[in-house]
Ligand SMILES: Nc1ncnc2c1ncn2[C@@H]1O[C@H](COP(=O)(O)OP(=O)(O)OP(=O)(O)O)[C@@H](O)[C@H]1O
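The chain that follows stands alone, in the form predicted alone, written as structure tokens.
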């Protein structure tokens, strides 16, 4: 059941993901565009993070994992042998559940990607990229006078925004967020949610969340996964108020999960 969009940034068709013999994702087809934040919801272990990780080939790092089907980024097959995985991960950035700043300065955390990808001609240009990324991540005002401090010395919420700045710094097209607020307090969570609103339209954004209220707040399209299957995908308002499938309704009303 593919929900198609006119100009998908990412388009997946009949995607299966296996860990060894175990099928973790079964025949998922979905389109993601630039204009809407897309949320993946569903109970723990339903495959939403596995599917997310297949979109920038993070599953390549897991022994025994394999992906079947088509995953296209701007019409290009990301699993084609000609695809440069390093470049792919620059185009499709990832923010993880637990903030994971490098044990480096705040400045070097953000500058790391632009340096290795050769995006800055010199120090002045690199400074500008770092300031721009931290500004877009809503962090510049808090850290501009302490860029030499360790990124790991920041609060949890600041660390997560630093990780978002680090992802943004290489000028990605897509940002994948795997439960980015689950380790954060409510105030830090609200800051990240505001940031997602601010970034909408500049990047294609997909967020995996187990928090249905969060999905309702930040996304315009929602995909409900259950036992490796995509049960329903559509407008977030419709999914939450008028789901087509009984399993979706049962999950949203708290009958299981």
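None of these values were measured; they are calculated from a predicted model. Positions refer to the first chain, counted from 1.
The following text describes the form predicted in complex with this ligand, which does not appear among the structures shown.
>> Is residue 213 part of the interface with this ligand in the predicted complex - any heavy atom within 4.5 Å?
In response: Residue 213 lies outside the contact set for this ligand.
>> When the contact criterion is heavy atoms within 4.5 Å, does residue 53 count as touching this ligand in the predicted complex?
In response: Yes, residue 53 is a contact residue.
> Would residue 240 show up as a contact with this ligand in the predicted complex if we use heavy atoms at 4.5 Å?
Replying inline: Contact check for residue 240: no, nothing within 4.5 Å of this ligand in the predicted complex.
>> Within 4.5 Å, heavy atoms only: does residue 22 come near this ligand in the predicted complex?
In response: Yes.
>> For the interface check, one of 185-193, 214-222, 26-34, 40-48 should have non-hydrogen atoms within 4.5 Å of this ligand in the predicted complex; which one?
In response: Only one stretch passes the 4.5 Å heavy-atom test: 40-48.
> Looking at this ligand in the predicted complex, which residues in 57-77 have at least one heavy atom within 4.5 Å of it?
Replying inline: Result: 62 alone.
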